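What follows is a single chain, given as structure tokens, in the form predicted on its own.
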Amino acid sequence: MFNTMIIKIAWRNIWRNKIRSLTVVGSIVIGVWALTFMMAFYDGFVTMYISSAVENDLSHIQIHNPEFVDEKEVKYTIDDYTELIKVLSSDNDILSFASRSLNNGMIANSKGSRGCDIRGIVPIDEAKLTRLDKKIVEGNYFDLTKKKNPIVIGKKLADKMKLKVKSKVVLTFQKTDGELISAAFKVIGIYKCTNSIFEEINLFVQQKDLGRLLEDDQMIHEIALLLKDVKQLDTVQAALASKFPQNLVENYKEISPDVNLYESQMGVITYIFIIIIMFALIFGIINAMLMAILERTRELGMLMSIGMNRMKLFLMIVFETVFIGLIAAPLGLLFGHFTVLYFSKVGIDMTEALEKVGLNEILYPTLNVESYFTITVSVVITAILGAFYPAYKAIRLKPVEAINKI
């Protein structure tokens, strides 16, 4: 019964000085709102970065000749290509896949020349895998042309080399014996994706055209595939590696260490955000509660003098702080949730801010249910920790001195 009375007293004490209590509540609400939005922003950034890398370049799994990964020479093609295609076609876990002929070369026109990565693709398969046909902003995709040696280039590359649709370019690259070969191509389309660095380097030609020039129709250096469910990533990778041990089967995390780093560090960054915000809040709570104790010194002395023991006084101060946290946390989460909900629909244009690192996309903040729960628990723990020192100072008061204090 007495514990219930302490809880009631603690609740009433909060509203005896409404301005101070609401100030503390407001600071916690702002802190929780900021934490919620920062976590959602970072989660959205990581999701954007990974999805951009997977869609444009990495896919979920890539298969290569191990020597090709090390040397990047065109003579190192995928072994057992025909059998591998049969297995991939019959695997129900695979959403789509595409084979590619890869070559490093130079693209040149009257304005100059630049290094580039040449991707020889099967247009239908590539469209299913990377939606390249949907990224054409000028001209057409391969399936709408019958021109000889058509080429699709990135918007960034087109701007730097002053290229337009119907422009003619010359590609220079190596054959399997090391001999250089040059061929004229005609720009039929210009694509734009969310990665400007990818746009500037990678260009696409038809696999059959590249094979004809290299005098080898089966010169396949890469097979990339997307899964229906990314949770099956390790299972599918292990199965393919077991069936085709002569080839190198890698997932997107192994291919791109920076993607793996971002993905693996999401949890760490979340807790760093929480610690920073909670440290700021805890000092605000301590300051406010110390001021409350200073104002109520005589009252606290009176309570101890009529029989309230130190433990119950300690609990009263802790309950006051916890109540403030329990009032503020839901409000902060509510404001944070609506902020995240709004920007998850309209997005945040990060084009200028992220152009330097190659990203050119609208960022959509996201936050899962577990994160909301983590924030709530963190606020409660922070409120309790913030109450300990003021409560300790309160129980250190001497009743006689406290009552007589001016």
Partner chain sequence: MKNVITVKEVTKVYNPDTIPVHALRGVDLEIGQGEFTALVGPSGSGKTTLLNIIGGLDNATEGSVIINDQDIEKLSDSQIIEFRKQHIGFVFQAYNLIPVLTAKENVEFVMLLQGASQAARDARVKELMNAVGLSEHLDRRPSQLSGGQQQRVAVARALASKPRFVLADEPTANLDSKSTADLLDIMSQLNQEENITFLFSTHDQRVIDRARRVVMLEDGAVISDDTKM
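So that the term is clear: the rigid core is the largest set of C-alpha atoms that superpose within 1.5 Å between two forms. Residue numbers count along the first chain shown, from 1. All values derive from a computational prediction rather than experimental measurement.
Same protein, other form: the form predicted in complex with the partner chain, not shown, and the subject of what follows.
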So which of 294-302, 225-233, 274-282, 157-165 is the stretch with heavy atoms within 4.5 Å of the partner chain in the predicted complex?
294-302
Is S242 close to the partner chain in the predicted complex, meaning a heavy atom pair under 4.5 Å apart or at it?
no
Does the 4.5 Å heavy atom contact test between M266 and the partner chain in the predicted complex come out positive?
no
Is there a heavy atom of I9 lying 4.5 Å or less from a heavy atom of the partner chain in the predicted complex?
yes
Please run the contact check for K128 against the partner chain in the predicted complex: heavy atoms, 4.5 angstroms, yes or no?
no
Name the single residue among K186, R114, K175, R310 that comes within 4.5 Å of the partner chain in the predicted complex, judging by heavy atoms.
R310
Does K228 move appreciably between this form and the one not shown, meaning a CA displacement of 2 Å or more on the superposed rigid core?
no
Does A238 count as moved between this form and the one not shown, where moved means a C-alpha shift of 2 angstroms or more after fitting the rigid core?
no
Honestly, after the rigid core fit, is M311 moving at least 2 Å at Cα between this form and the one not shown?
yes
